[in-house]
Every structure is written in C-alpha cells, then in structure tokens.
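We begin with a single chain expressed as structure tokens, specifically the form predicted alone.
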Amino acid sequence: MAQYVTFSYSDNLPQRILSQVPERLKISGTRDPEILLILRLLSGNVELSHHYSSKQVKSRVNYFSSDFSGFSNWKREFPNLLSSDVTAEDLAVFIENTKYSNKAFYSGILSEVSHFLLHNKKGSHTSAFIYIYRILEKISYAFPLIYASKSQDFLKSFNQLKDLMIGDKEKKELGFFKVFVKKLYEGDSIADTSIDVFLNTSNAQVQEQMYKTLKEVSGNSILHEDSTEFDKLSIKYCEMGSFLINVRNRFFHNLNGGSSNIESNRIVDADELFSFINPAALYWISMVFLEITTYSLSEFQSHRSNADV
C-alpha cells in the first residue's frame, strides 16, 4: 500500500526574485530534493499543504537570521551565508549532484520541520517543541558522521570520530552531538556568543516565574553573561543543545516526586512558554544545519576541482 502523502510543497518566492533563481533551486512540487526543501522552508519562502487537515502554511520566518528577517533577494543573499564566493549556480550544482545522498535522513528532517511549521501556525507551541526535539535527536549522530565521511583521508576521519568519542562523559542524551558542536565551532568567534530566549508576557509576575524556571533548568554553567532579568535568557552558543535536552527532560518526563520537574503551575501557560523557546531553538539548529551544508559543499567543490586536474 502506498504511503499517505502528508505534505506537499510549492514555491512562495516573489515572482521577480523567483525568475532569477536557477531552475534547480525552484520548488516544482514533484520530486524536489529534500535538502532543497529544507533550506527553502527554513529560509521562509515555501508554502506547504497538510493534506489531512487541508491547512496551508506559508513559511515566512527566516530561521537563518537571528532576527528572523527575510531575504530581499534569496538568489544573492542565501548563497552568501554558505560562503562569500558561492553563487546560486554553485548551490544548484551541489544539490543536483548530491540529492540522492542521505536521502532517507533528509526526508525525515523535512517531515519534522514541516510538522513544526504546521503546529507553530496553529499556535500549538508545546507540540511544536516536540518536533524540534525530534530534529535534534535525528541530527545528533548523523551530522558528526556526515561531517567525518566527507573526508577523503581515512586517518583524518578516524581521528575526527575518535575526538568526538573521547571525553563524552554524557553517556546518555545526545552527548556525542554536544561534543561535535564544540568541535565544529572550535576557534570560531561565534562560540563566544549566545542564543537568546526572549520572554514577553502580558503579566510581569508570570514572566518572572517563567524566567526563573528556565534559569533553574539551564544551570549557571550554560548561561551567557548577556542574560537580563526577566526578559532575556542567554544561552552559550554551543550549549543550546544541553538547554533543549534539559527542558525536554524536566517538562515532558515529569517523574513522580521528582524535585527537578518543571511544574506546570509555575509556568502558567505552556504554549506561551514554548512560543518563546521554539524560535531560538530552530534558529540554532538551522545554523548548525547551515554549517554542515557549507562544509559538504566545500568538500564537493574540492573533489570536483581535484578530479578536473
């Protein structure tokens, strides 16, 4: 029996911009490469249709920007995020030649992103967080392996994986990925920055309770100095994964008698709380996704250049 098609996708770039985009970067609605759909969805310019509910969601939020502002010219601006010397044509060639690599993995990520956008549109932010966490789980082992597998030097790959394995003291939740993120941004100034969760409720007492609850969940070791009571909780860039794990464990596990649970009466409205966390979380995941794509594209171009010699 054929699988039910949950979502379909269509292009939502303004016509004046779309006309400039290479054909292979446009959304045709049939057999579009999953990695292209993910990049375009996270850029905020694809319309998705959820067939079961007959709901249409126009993605407008650019999760590749810290302020979520959209691109004025996607063809010119998005490739620059990958590298200043990468063009839209370079990206089209890369996607066309790698669209069958890790297809099942990217198909899974596409589904999670689509469900997130659907629940976000419905205002079901607690449910939407579940899909963010599912993305985090899916990429936790895949991204380090993709990163290492791009190397043509087996010894280099072995050493990369060995470095990730050694020192992983968190044997449970996503510890492998946590070490990977620190390695990925080693020496990069972005590692000194923060991911900011902004709280903006209509009630000052509720906002203070939410802030203190999230601060308690975070722990001092992952908090960034830019935090300001009680409206901005700043998480160290490379520790955002740990923050999401802590929130998931302490809200959704809810162990009987567990003193470390997030009590629902303290946060008053779960959907409102997660409406503050989710954008920052997906922005961080999108930036890690972008970093992996940049690395993969660079390796692809390097191999093609060497093959031409």
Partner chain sequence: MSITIFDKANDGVINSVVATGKTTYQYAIDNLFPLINRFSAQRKSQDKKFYARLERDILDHCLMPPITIAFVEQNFEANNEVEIAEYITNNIQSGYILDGIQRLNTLSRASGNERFDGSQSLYINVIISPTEDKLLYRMITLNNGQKPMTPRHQIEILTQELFDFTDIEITIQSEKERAENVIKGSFDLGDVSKAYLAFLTGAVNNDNNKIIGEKMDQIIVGRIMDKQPSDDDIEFKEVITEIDRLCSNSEVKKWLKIGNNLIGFSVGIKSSHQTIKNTNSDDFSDAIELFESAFKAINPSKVNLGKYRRELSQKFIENYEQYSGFDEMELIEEFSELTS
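These numbers come from a predicted model, not from an experiment. Positions refer to the first chain, counted from 1.
There is another form of this protein, the form predicted in complex with the partner chain, and it is not shown here; the text below is about that form.
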- Message: Can you pick out, from N203, S83, S107, N97, the residue that has a heavy atom within 4.5 Å of the partner chain in the predicted bound form?
- Response: S83
- Heavy atom within 4.5 Å of the partner chain in the predicted bound form: which of S275, S49, N45, S65? S65
- Note on the structure: Per contact check vs the partner chain in the predicted bound form (non-hydrogen atom within 4.5 angstroms), the hit among 126-134, 204-212, 109-117, 87-95 is 87-95
- Query: With the partner left out of view, is S302 within 4.5 angstroms of the partner chain in the predicted bound form by any non-hydrogen atom?
  - Reply: yes
- Message: Using a 4.5 angstroms cut-off on non-hydrogen atoms, would F251 count as touching the partner chain in the predicted bound form?
- Response: no
- E229: touches the partner chain in the predicted bound form, heavy atom cutoff 4.5 angstroms: no
- Message: Using a 4.5 angstroms cut-off on non-hydrogen atoms, would N306 count as touching the partner chain in the predicted bound form?
- Response: yes
- Item | Interface residues of 290-304 toward the partner chain, as seen in the predicted bound form [heavy atoms, 4.5 Å] | L290, E291, T294, L297, S298, Q301, S302
